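You are given structure tokens for the same protein chain in two forms, set apart as structure 1 and structure 2.
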Structure 1
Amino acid sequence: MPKAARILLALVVLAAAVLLPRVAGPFWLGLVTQMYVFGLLALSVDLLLGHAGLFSLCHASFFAVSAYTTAILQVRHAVPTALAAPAGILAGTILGLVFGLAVRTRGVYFILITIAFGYVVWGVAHRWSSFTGGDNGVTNVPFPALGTLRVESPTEYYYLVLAVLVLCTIGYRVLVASPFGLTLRGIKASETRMRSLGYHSDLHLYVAFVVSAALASLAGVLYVYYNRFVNPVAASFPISVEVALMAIVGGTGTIVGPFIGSGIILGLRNWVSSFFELYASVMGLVFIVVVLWAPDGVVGLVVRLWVRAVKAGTR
């Protein structure tokens, strides 16, 4: 697709997102806000999966730690948003500095280590009930406020999330197009060759892991202000699997793919679960269909159809 067409499409999508609260009811507005938040979490996973070739299954840990930190500071210690939200992002990023040591491994060993890391955080959140609240979690998290500027409705919070989303996607685009992002893709294509060229692959992957953890932590802060509470479910293994599935379904290595995947997965989950208890089975079937018939995700499928249409038109 030509660059001008991509820019025009992005502007149309942004305009539709800005106008959505005028036509959508509270349920749909809340669902789309949730899609934005989990799309951002899926984007953090895709920084490793789509650009570095690392399949992480512990990103729910950064998501949950940042959410818990923000919620505990705000609810129990009356810390203002201006300090609680950055503290949450910092806590998740520090955890990423520790978990990032997993990049010393590759393949299935990396996957297994990240799963183990994730279960450690989930176990702490579930068992340390005197601090985390156990299954009841931390409730009554207030809307964010910055001095006299306060978010007082779901619509206002929707616009806040949308603004953060736009800034994050612009920053993400700059990152993946930078020499650092190109190096990550080179490592994914052939780590041996990149090492022979003098690149320190482990260091690049470690930095990418920490940046990915910071992005997941930001998603956790947005989540806790949207959900108004957090419990151990946020740190559970299914969340890590689900956001990885969002990135794969939408299309790895792209910016819009994780958000498209988030919309598909959350939309299906809310629709199917309303009349079918085993909705997780439907999610599994969706994943199987995508892997078999659209391995590049929805974005890859659209690109292939576009190229085919252009070639047919040229002929």
Structure 2
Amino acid sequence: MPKAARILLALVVLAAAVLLPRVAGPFWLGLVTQMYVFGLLALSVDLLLGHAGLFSLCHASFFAVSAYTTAILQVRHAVPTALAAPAGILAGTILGLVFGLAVRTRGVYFILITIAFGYVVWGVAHRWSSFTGGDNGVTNVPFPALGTLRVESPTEYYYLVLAVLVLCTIGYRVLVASPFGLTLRGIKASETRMRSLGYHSDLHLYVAFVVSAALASLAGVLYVYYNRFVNPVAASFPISVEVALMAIVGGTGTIVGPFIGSGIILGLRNWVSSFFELYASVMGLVFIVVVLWAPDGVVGLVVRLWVRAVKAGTR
């Protein structure tokens, strides 16, 4: 697509997003807000998966640690949003600095180690009940407020999330198009070649991991103010793996992909669980179907079907 068309498309999507609260009821507005939040989390996973070739299954950890930190500061210590939110992001990022050790491994080892790391965080949230509130978690998180500027309704919060989202995607775009982003792609394509060219691949991957953790932490803050509570489910393995699925369903290595995937998975969940009890089975089936028939995501699948249809038409 030419650049002008891209910008035009982005503006149309943005205009639709801005106008959405005028036409959507509270249910749909809530669902779309969730889609933004989890799309952002999926985007953070995709920075590693789509650009650096690392498949992390511990991103629920950064998300949850930041959500817990913000919630605990805001609820128990009455710390204002202006401090509680950055503190949450900082806490998640610091965890990213520690878990970033995982980049000393690649492939299966990386996947397995991140699973185990993620589990440690879930375990602490679940067991350390005197601090985290155990399975009940932290409740009664207020809407965010900045001095006298207060968010007072889900619609206002929707706009706040949208604004953060736009800033993040612009920043993300700049990052992946920068020399740093290109180096990551080079490492994904051929690490040995990048090394022999003199690039310090471990260091690049470590930085990418920490940036990705920071983005996941930001999503965690947006999540806790939307959800108004946080419990160990936020840190659980199913969240990490579902978010990775979102990125894959939408199409990795793109910016819109994770958001499309997030919309599809959350929409599917809401729809299926309204009439079918075995929701987890349906999700399991989605995993299998995606892996076997749509490994390049929805975008890839549409392209493939299109190509096939065109071929059949010309035959």
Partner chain sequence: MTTSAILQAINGTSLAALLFLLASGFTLTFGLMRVVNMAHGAYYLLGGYIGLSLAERTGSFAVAIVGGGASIVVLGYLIDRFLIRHTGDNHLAQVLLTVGVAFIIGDVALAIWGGDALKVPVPPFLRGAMELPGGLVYPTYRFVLILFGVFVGAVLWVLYRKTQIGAVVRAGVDDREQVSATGIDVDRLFVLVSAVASFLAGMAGVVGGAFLALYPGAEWEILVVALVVVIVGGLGSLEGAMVGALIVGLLDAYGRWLLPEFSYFVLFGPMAVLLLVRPRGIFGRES
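So that the term is clear: the rigid core is the largest set of C-alpha atoms that superpose within 1.5 Å between two forms. Structure 1 provides the reference sequence; residues are numbered from 1 along it. Small disclaimer: the values here were computed from a predicted structure and weren't measured.
**Q** Only one of structures 1 and 2 is the form predicted together with its partner chain; identify it.
**A** It is the second structure (the form predicted together with its partner chain) rather than the first.
**Q** With a threshold of 2 Å on the C-alpha, tell me if residue 16 counts as moved between the two structures once the core is superposed.
**A** No.
**Q** Quick one: how many Å does the C-alpha of residue 300 shift between the two structures once the rigid core is superposed?
**A** For residue 300, the alpha-carbon shift amounts to 3.2 Å.
**Q** Once both forms are fitted on the core, what is the Cα shift for residue 309 between the two structures in Å?
**A** Displacement of the C-alpha, rigid core superposed: 9.9 Å.
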